[in-house]
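There is one chain below, alone, in structure tokens, taken in the form predicted on its own.
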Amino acid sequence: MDRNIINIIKLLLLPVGMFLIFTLIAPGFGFHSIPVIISQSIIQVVIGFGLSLLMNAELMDFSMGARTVFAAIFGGILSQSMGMPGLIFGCLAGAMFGALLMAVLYQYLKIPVMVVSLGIVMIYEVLGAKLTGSSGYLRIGSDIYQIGSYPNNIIILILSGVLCYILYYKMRIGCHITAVGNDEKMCRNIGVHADRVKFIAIMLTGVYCAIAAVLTICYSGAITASTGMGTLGIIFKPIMCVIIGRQMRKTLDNMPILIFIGGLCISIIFNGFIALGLPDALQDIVLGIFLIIVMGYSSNSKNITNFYRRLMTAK
């Protein structure tokens, strides 16, 4: 059997094991929960695909959640008069405009992406609230949201993952994004236009925000506007998906699959907590702790590995 397939099976044992544990300890959690787990993980995984390209360039974007919600709202409004084409066009237009705005502000004002993204969050949340009106709520017809509901969302996930793989491993821009993230100064010396590469990386996040917007509004057939930086919570799980995927690259160098496995793990954990009856506040605490642990391990993985080696040598 191919070594990569063996490694994929090994990595899948992690979410499978977690699923079996929650099946045993959480009442109401079981194989009937699989469609919900997969559907919830797909949205954060798709956002993670775009975010991974940006993080490869050593950039961090907190606006992808706000851009996704705004694009879903804009697409939902157009779908009321144009049907399914309006939904797709609206989600794409709304997401790409946000990406273009952020890329232009970053490149020409020289403001760090993280700062720009927070400004985009506030702008897009207000725009989304204005578009939905006083209700802050928008619903689309069942004949429209079938395009992104289960099991069609699995097909969209696969196509998104294939696109991510091609961008990541098969195209020059993917190599340039990685190179700029590793050593921007060296890239400039060999003729790679680092600012242009980062501009393209930001624009690529717009593509994945558009896909995530379609999946988001089609998940329940409705979308609710969020204000007060409420959309920031959307991006934390994709960040963890990417970080978990990066930590597993020693076993398998295929980021789309690794991000998907990370997304499955996170979705299983939080659906398991819901089945156990944990309140939302406690779930947020667990999310915060989990995020700190994952990012702390990611930042100190070399030190942890060296400490373990010294410990084993001492024995």
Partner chain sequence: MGQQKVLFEAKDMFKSFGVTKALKEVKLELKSSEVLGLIGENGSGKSTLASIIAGIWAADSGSMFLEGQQYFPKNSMEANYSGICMILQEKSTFDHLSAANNIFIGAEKRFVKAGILDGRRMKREAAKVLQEIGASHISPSDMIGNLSFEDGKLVELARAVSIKPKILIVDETTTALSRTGRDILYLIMEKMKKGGNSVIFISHDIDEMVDKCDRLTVLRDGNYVDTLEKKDFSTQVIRRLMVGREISDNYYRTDSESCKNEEIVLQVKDVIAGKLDNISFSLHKGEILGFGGLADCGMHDIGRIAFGLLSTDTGEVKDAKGKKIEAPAQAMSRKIGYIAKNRDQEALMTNSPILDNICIASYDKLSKNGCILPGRENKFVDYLADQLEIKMQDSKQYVMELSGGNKQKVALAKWLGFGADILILDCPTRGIDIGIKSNLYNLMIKLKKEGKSIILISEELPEVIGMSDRVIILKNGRISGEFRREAHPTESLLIDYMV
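Residue numbers count along the first chain shown, from 1. None of these values were measured; they are calculated from a predicted model.
The protein also exists as the form predicted together with the partner chain; that form is not presented, and the subsequent description refers to it.
I need the one stretch from 203-211, 125-133, 233-241, 183-191 whose residues put non-hydrogen atoms within 4.5 angstroms of the partner chain in the predicted complex. Only one stretch qualifies here: 183-191.
Given that the partner chain is left out here, which of Ile158, Met171, Val104, Met114 has a heavy atom within 4.5 Å of it in the predicted complex? Only one listed residue qualifies here, and that residue is Met171.
Of the residues Thr178, Gln80, Ser149, Thr224, which one places a heavy atom within 4.5 Å of the partner chain in the predicted complex? When the partner chain is considered in the predicted complex, the option within 4.5 Å is Thr178.
Any non-hydrogen atom of Ile166 within 4.5 angstroms of the partner chain in the predicted complex: Ile166: yes, in contact with the partner chain in the predicted complex.
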